[in-house]
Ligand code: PMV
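As structure tokens, one chain now follows by itself in the form predicted alone.
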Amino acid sequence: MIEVSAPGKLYIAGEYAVVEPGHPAILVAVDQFITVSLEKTEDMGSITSFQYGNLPILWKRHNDQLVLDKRENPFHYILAAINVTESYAKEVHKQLDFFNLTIDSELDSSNGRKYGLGSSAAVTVATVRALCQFYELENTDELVFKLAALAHLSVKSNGSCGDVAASVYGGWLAFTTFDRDWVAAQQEKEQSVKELVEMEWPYLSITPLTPPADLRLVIGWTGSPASTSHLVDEVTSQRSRDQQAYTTFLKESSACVDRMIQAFQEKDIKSIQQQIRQNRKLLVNMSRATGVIIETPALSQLCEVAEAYRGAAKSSGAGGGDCGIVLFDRKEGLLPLMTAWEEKGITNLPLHVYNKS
């Protein structure tokens, strides 16, 4: 039995701009996980998720491709991860086999609502890692990231794959995404998966960050789930209303995140907090320019209450609901904030930064 876990993530800064190649963001991995268990079988395999009533979806193999016995399935990212990783395995001369795959997630609430912690990325990463073990493939972080990123692209994900990077590498990260048009062009040239993952991907950068010792991350959940892909689609379609404003947003977001990265390097909590507040303003301005609601009233309330207790707060990820993040100097008291949030219907998620051992 192979068992692999991958952590969830939160965006700290650089949202929306990060979907453009070369524009930086800061993310963090958190200690809630998706766990994939894999066990060899004969003649038929299955995929089971405890989040879908424990009902397995059965599959067979036809010409080395997975064929489901069920037409509608909620497992697009898992299947994409299997297909991409097995394509790579075949190219390095591994014999494909059957297996049962079981998925268990801590990245959702007890009633099944998502917290916005990157479950699609985490399940993709965990599936790729499990298959790398199963087929005795190289299991480096770079290979796992690229295979998982290719899986995301194959299901037409419009994200940056920053969440994939956080699930692969753990800890605090500075990230810039790759040129997906370049990747698509390589695929059109019929480059093999092996050839593609061995190439250098333009603009891709994944750099671990060491936070100041007294930096404290606090997470609030509004109780309202949001669709990242839908919000990114909306911003993409609406930005043509004022292309100059969008160009300015990209430039200012990059400058803000670069200053924050420098503040991490200098262990300057006050400067980090200053850039969090600046990034919040940039996102609010971009929201006005596009007409897409990023900071909902609940997220605004979350931030305003946190600011009253000397935290630097903003929405996390695509916004539209889900989580907000607050960065504190560890010396500040947090209990009054928890009480004030509770009065406003905001839930503190007791998560911590996950660093790979």
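Nothing here was measured: the structure is a model prediction, and the numbers come from that model. Note that residue numbering begins at 1 and tracks the sequence as displayed.
Keep in mind that the form predicted together with this ligand is missing from the display, and what follows is about it.
Heavy atoms within 4.5 Å of this ligand in the model of the complex belong, among the stretches 197-205, 155-163, 86-94, 257-265, to residues of 155-163. Among residues of the shown chain, Met338 is not one whose heavy atoms approach this ligand to within 4.5 Å in the model of the complex.
Interface membership of Gly45, defined by any non-hydrogen atom within 4.5 Å of this ligand in the model of the complex, is ruled out. Proximity of Val18 to this ligand in the model of the complex: non-hydrogen atoms within 4.5 Å are present. Proximity of Ala318 to this ligand in the model of the complex: non-hydrogen atoms within 4.5 Å are present. Along 265-302, a non-hydrogen atom within 4.5 Å of this ligand in the model of the complex is carried by no residue at all.
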